Structures are given as structure tokens and as C-alpha cells.
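First come two forms of one protein chain, each written alone as C-alpha cells, so that there is a structure 1 and a structure 2.
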Structure 1
Amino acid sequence: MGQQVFAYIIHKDGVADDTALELIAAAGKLDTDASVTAVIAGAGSELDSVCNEVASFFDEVWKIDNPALAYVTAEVLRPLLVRILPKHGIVLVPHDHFGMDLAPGLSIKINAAYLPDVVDFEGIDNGKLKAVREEYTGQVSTHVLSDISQGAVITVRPGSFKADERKSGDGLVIDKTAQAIESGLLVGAHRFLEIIEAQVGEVDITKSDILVSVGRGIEDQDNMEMIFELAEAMAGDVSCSRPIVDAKWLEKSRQVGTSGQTVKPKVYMALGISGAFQHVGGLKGSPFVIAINKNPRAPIFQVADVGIVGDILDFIPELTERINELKSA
């Protein structure tokens, strides 16, 4: 490919987001020989902590350090990136609320192609990148051909690429603050006020190691009892997708997804959940995903480690009974 690849790293409280390692995997799919540079903006000791963590996986880490970037906005960050990014580079950004705000305008500023919400890459030929996106909540895959010879800004759907946890060694941390910030003042039309944490219900699913998650495939509220019985047998907690909350069968604090909770269980069982990106976006930390769905084309099977095509109303009671038998043996 011959183009530099950059990954913008999201972080919080001095810890890099799980998408950092997913972007390495995405870059490897673009070009197996690509040298990937991480770009991180923030302030003070928390930024230094993230840079040191990320340097274990990336070849280089470019940092932009300024007190005004303690909670960075896309509006303020965009011109800083324009000043430090070389021409014709490929910039990978997580497809979350921040990435969706940052990426379109950045592509215009650097005169590069813009490719949003990518779930896979299928190669580059003569400067043309063939990428895969999903439409209609994942029911249809579309193959998009983009000219990236002049560079590109690509948002990558979280969870689409398996995190690459192989450490490459000690990457070099390079301070790009002086080059990025010319005037010394960072002022935007918007300013950060506060973070309002989601309320925790009777169960904090963000702390659960095992989650038994239910979607619209459960069909009726009376069937919810079998979900709790299975979760008890597995020593796990019950979570859900948005339709269950909308139906008021479970409280909002149990919803997994971009409009709900972000969870990092060791095991995640998705029962009757289609697996739209709004739901899968709430899964972090590469859990072992078990999916059961009647629709063999359900998007959840694309991220599942074990996929079973079947009716959860038949499957759940049998599974619960078998687990209880094994526990009492």
C-alpha cells in the first residue's frame, strides 16, 4: 500500500479503550506490513499513562498534551490533527459517538476519502480499497469500493475486528504538541460541562463476569422467568437488548449497547438478539460470545465464538436442566 496508517485512540481515566487493539487488527487487514502510529490527545499524567500503555502495542505514539484537552471535543481536536497528519495517510477511528463527530469533517480538512462504519476489509487494488459495511441493522452486507490513493479517514465498528494483543515491544512516544497547537489557545463553540454516569440498578452488569442477555426472541414477558433461571444456573446476571427495555420487561440499567451499558464480561450469552451494531457496540474486552437465534443470517453470528441456530424457547429450558444436572452430579 505504501501509505502511513494512523489510529486515533479513545481513552478514559488514564486507560486506553479496548478499540485501540481492534484498530491494530483492522490496520493489519489493510496491510499486513503496515507500520501503525497511534495518535492520542489529552492532558497531564493520565495522557502519559495511556501513551505508555499504548506504546507496548504500537510502533509509534504521537501525543498532543494540553490542559484544554482533558476532555477533548471533535471540534477542538480536528484542526490539531490536520497540522500533524501527513498527506495521503490512512486514519482509523472507532465508530462511536466521538468518532462519528470527528471523522467526516477531518476527511474534508485533509482532502481524503471518508468511509464510515466499516466491519471488514477485502483488500486494496491500484489504490482502491474494498471494504464491507452493513445495512438494515446488519441484515445486508454491502461491499464498497473507495479510492484511498489520496488518503482516507475510516471509522471502524467496535467489535468487528478481534483485538490484536500481541505486543510489538516498546514503541516510541513522540510529543507533537508544539506542532499541533500553534496559537496556544484551544477554543471551540462547544465546551465540556460534566459526565453524568448512568444509574446502577439492582444489578451492576458492568461488573458481571457472566451475562445471559435476552432480546425480542423471548416473545412474551411471561417467558422472562426462564432467562433468570438460566442465569442462576450459570451463576451469571441477566442483561438485555433495547426492545426488552422499551417493552418495560427489564429496567434500563440492564440494557447492553451504545444507548445502554458498556460491559466486559468473560462470557456473554445472546439469546434471541439480532446483534445490530448498536447492541454489539456495548461489548468490550473480547468476551466469549455464545449466540442462539432462529435467523441463520442474524448479525450476532458474525461476532459469536459459538453460534446455534434454534428457537431459544425450546433451547433455554433444556440447557438450564442440563447445567443443573452437571452441577448436582
Structure 2
Amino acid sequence: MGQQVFAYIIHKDGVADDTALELIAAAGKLDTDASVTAVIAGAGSELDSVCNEVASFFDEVWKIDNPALAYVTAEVLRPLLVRILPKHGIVLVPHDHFGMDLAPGLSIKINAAYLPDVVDFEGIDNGKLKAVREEYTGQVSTHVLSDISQGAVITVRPGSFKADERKSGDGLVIDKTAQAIESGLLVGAHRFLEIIEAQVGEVDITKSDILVSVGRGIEDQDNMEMIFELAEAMAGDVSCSRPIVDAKWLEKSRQVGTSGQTVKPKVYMALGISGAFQHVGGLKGSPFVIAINKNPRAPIFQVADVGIVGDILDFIPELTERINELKSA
């Protein structure tokens, strides 16, 4: 018999997240004979529509339905999962802002192994799972071996497994609410208040066809000017990676990535950007990506169409000058 794998399903407005079907693929790679149960928490009709949406892809769907779960928070959910998960089960959770909140503590509470931010699995041997992770923001990869015989909580990097869209399950939805909530919800020490929406900035980079995107390689705020000059020459807009926003050199609305904007330009210039998955995760619609980086092994060269190994501080002014010459000719 295969492993019993549980996939935690993130959803919003009654629709399952893209990661739902990615977790099925991940479970299949972990163990081809795995039986995969979707675990979904939420409230009312929105929850039901998510359950119906994913049911036919999974062997089984477990739902936890309570008005207090209309907005699911990790602190409230964790003790409920502890009550319903069987001993030694394998739990897959997307490695995003929710998974990072939920999963490490869950592994402690169910006394299981913890494997964070996994990008691939390479088989189970004798109760030990071999998995692939990345370290140093993707500069190197590593094989890790983890004893999962007592169960495991594994966060899976979004986008690492190609969604498995075969309808294979029998769609049985099982209501686990009573078991999960038997002795009440724990909301005391941690009270959700509200969501503050991101502020809209002076430019909307989600609408730009040409983005000149700058990263930490720009080194100094004084050098930012050359990025704007290049963007102007190319009739594009300036976007950036996160450290530029952290340093307050550009406003948050110009940040590309999972915690910033999702953009879909035709041309994307990545200048002094290493190519962390949280950054590249914000690039959609297969733009033509040009990367300029002084490190020939920077991960951005794996996603770029064209790469230039060199110093942006030297290269950009020359490029801008040449484009301007061309335009005035």
C-alpha cells in the first residue's frame, strides 16, 4: 500500500489555488502509489464550491466547515489539523505565506519530520525520503534525506510541480468538522483583525509592456538614475526586486514577485537581479527576459532568454546612449 498523503488546499473566493493540483503531482512524485486526500477548511457555500471543484482530482476530500474559518488563519487551523490527522501521515502544504505560518509548528505538534520548501522528490527507501531543496536563494541545490516513518510535514514550492489535471478520484467529500472542532476553536491569544490592501502607486507595472527591472546589483541609490534613463529610452517602466523596496529606493507598487506585483510584460530586463523564486514567481505570460548579471551562475540565467555576463553599472549607460543615438538618427 502507498503512503497516505494529505494535501492542504488554499482557496479564495470559492476557488482553489493553483497549488491544489500541483500538490497532487508532488504526492505522485513522492510515492506513485500514494492515496491523496485534500484537506480544506473554510465556511459555508464558498467552502462547498471549493470541495466540489477539486473532489474529482483527489481520492478523498476532508472538509472543516465553521463560520470562524471564513478567513482561515494558521493559528486557528493548526490545532484542528492536529485532531484529525492520523499518526504517521504525510502532509503537503504550499510553501507560501500561509504554509510558512502553519507548517513548522504543525510538524512539532504532530511530532513529524519537517521538510521545508521542497522542489522535487527522488523516492522513498526504507522509510527515508530523498528530496531536493535549494539554499542561498537558489544558488545551490541540495539533496536531503529525512526519516518520514513517523510522518512528515512538507512544504512544496509553488510552481515546482506541474499541475496534475487527470481526474482520478471518486470525489467523496467527508465532513471532518465535528472531529476537528470537538472541544472548540482556539482563537484567544491571536485575533485576526483585517486585511490592509496594497497601496496603488504612481505607475501600474502590471499594465506595462516593457519593464526595466532593477535589483540589489545597482549597489547605490545614486545609481538609480541610470535605470530610469534606460527605461525612458526604451519607452518602458521601472520595476524592481524586493531589496530595492526594503531600502526605500522605490515604492512598493514597483516590486515584482510573490509579495509584490504579478506582471506580464512583453520584454523584461532583469538588471542585477539574482532570480530568487519569489521574484521570478511574479513574472507571467512568458515575456522575453534579458538578464544582466556579473555572476555567470546567477539563477536568473536559467529563466532568461538572453543573458549578458557583466557589470550593469558599466553596461547600462552605454546601452542607453546607443538606443538614444538610434532613435535620433
Partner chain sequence: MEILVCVKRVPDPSENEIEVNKDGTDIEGDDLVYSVNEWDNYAVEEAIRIRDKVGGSVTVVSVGDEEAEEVVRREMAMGADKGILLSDDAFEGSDGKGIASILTAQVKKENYDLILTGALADDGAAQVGGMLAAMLDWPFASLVNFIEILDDKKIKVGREIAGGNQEMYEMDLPCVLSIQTGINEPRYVSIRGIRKVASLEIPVHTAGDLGISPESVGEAGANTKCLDYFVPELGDGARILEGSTDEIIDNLIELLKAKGGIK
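All residue numbers here follow the sequence of structure 1, with the first residue given the number 1. Rigid core: the largest C-alpha set superposing within 1.5 Å between the two forms. None of these values were measured; they are calculated from a predicted model.
It is structure 2 that shows the chain in the form predicted in complex with the partner chain.
Once you line up the core between structure 1 and structure 2, the Cα of G14 stays within less than 2 Å of where it was. Shown in the overlay between structure 1 and structure 2, fitted on the rigid core, is a CA shift at G44 smaller than 2 Å. Here G236 counts as shifted, since its C-alpha moves by at least 2 Å between structure 1 and structure 2 after the core is aligned. Aligning the rigid core between structure 1 and structure 2 leaves the CA of I308 offset by 12.0 Å. Core-based superposition between structure 1 and structure 2 puts the Cα shift at I273 at 6.7 Å.
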